[in-house]
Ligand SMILES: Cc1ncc(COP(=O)(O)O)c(C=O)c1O
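Given next, in structure tokens, is a single chain: the form predicted alone.
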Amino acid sequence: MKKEDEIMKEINRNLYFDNAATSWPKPEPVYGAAEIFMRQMGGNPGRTGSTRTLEAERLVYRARAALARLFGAPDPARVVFALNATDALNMAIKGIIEPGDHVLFTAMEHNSVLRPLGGLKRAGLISATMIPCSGEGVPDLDFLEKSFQPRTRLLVINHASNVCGTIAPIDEMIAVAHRHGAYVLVDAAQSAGVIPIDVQASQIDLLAFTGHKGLLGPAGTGGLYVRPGLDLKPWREGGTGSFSELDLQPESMPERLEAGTLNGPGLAGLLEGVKFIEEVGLQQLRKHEMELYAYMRKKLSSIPGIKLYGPEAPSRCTAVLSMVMEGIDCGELGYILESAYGILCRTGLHCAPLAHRALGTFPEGTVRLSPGYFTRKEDIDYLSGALEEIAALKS
């Protein structure tokens, strides 16, 4: 077996272009906070009144409040913690849908939306309509306007594509949905911590997010914002540490949607990730990633045989760029990039088959490159050089 220092040298030698899957590396305080929680705190939030438990409970509240502040939420209690964005999306969809309802969703949705909706459709509980998207991943707003039915209850919008980074015009889409009396669920898995979100200004009803991507926190964290006045059926039921005399889930938030022990170490790390975003400034983080995207797109567009997907203007997308190289399977290209050059990326359909159909890359998929805050321009130079060498060998 390899020794720990050898493994770390191997990891550090790799260049990481897979931040759309999970951000890496994390800010150093994220690691430290998770360890401190496990080693020094260890309490179960909301259970008993011991000093450690109260300390853990205060930490969870600080994380909740920090996220409410970041998203412009009016009340931290409306931010409910979940396992990840997939869990939060299930919580939202299955908490608001009633038998016979109609749901609208875009072609850019992730399987975290497509599969819950697909299961409900196959069970005969709902009907659903897909809003087509352009070859750049932009939803067809005219089609959307014409797609509402008397029982349309929910519109689901992928805020930023995990395939090509395209940012959806959520304000316009939300206005249309509300005019037709439908609720809106925004999937912010790729946008939370990456682009500004104000749930009140945008009148977002439900916002699902994950903690381990743009929010720079650990895996196993995420949550759902539920606007005041909107009540969801519980996705899970069980212990909350409060109202223990009841045999039903409490009515109060966030306990109504939070059952079981929370991921204390993960939330400790997530709090530090959000604090890092606040300290650096979300606008500064966004500016840096747009610069990286523009630089990467310019470098790669000059390589013969490479085709890029998604918006050219950095202002219209996140730092996610999909590409294919003529004459080579995307899986093979990803393998060569890692094995020969130490470049880590993501290949295939990215759990978003309809998005690839919209882009014209189904069923082969693409190579997805997603730099992050800690990516350097020299890393992109190295990536570009590697792709140039591979393209020359394949020509």
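Throughout, we count residues from 1 along the sequence that is shown. Predicted, not measured: the structure shown is a model, and the values here were computed from it.
There is also a form predicted in complex with this ligand; it is not shown, and the following applies to it.
Stretch-level contact check against this ligand in the predicted bound form with heavy atoms at 4.5 Å: of 279-287, 304-312, 211-219, 196-204, the positive one is 211-219.
Three-residue candidate spot 85, 112 and 158; every residue lies within 4.5 angstroms of this ligand in the predicted bound form by at least one non-hydrogen atom.
The partner is absent here, but in the predicted bound form a heavy atom of 189, alone among 271, 189, 79, 257, sits within 4.5 Å of this ligand. With the partner omitted from this view, the residue of 89, 104, 133, 267 that lies near this ligand in the predicted bound form is 89 [heavy atom within 4.5 Å].
A residue is said to contact a partner when one of its heavy atoms sits within 4.5 Å of a partner heavy atom; residue 162 meets this definition for this ligand in the predicted bound form. Residues of 333-361 include none with a non-hydrogen atom no more than 4.5 angstroms from this ligand in the predicted bound form.
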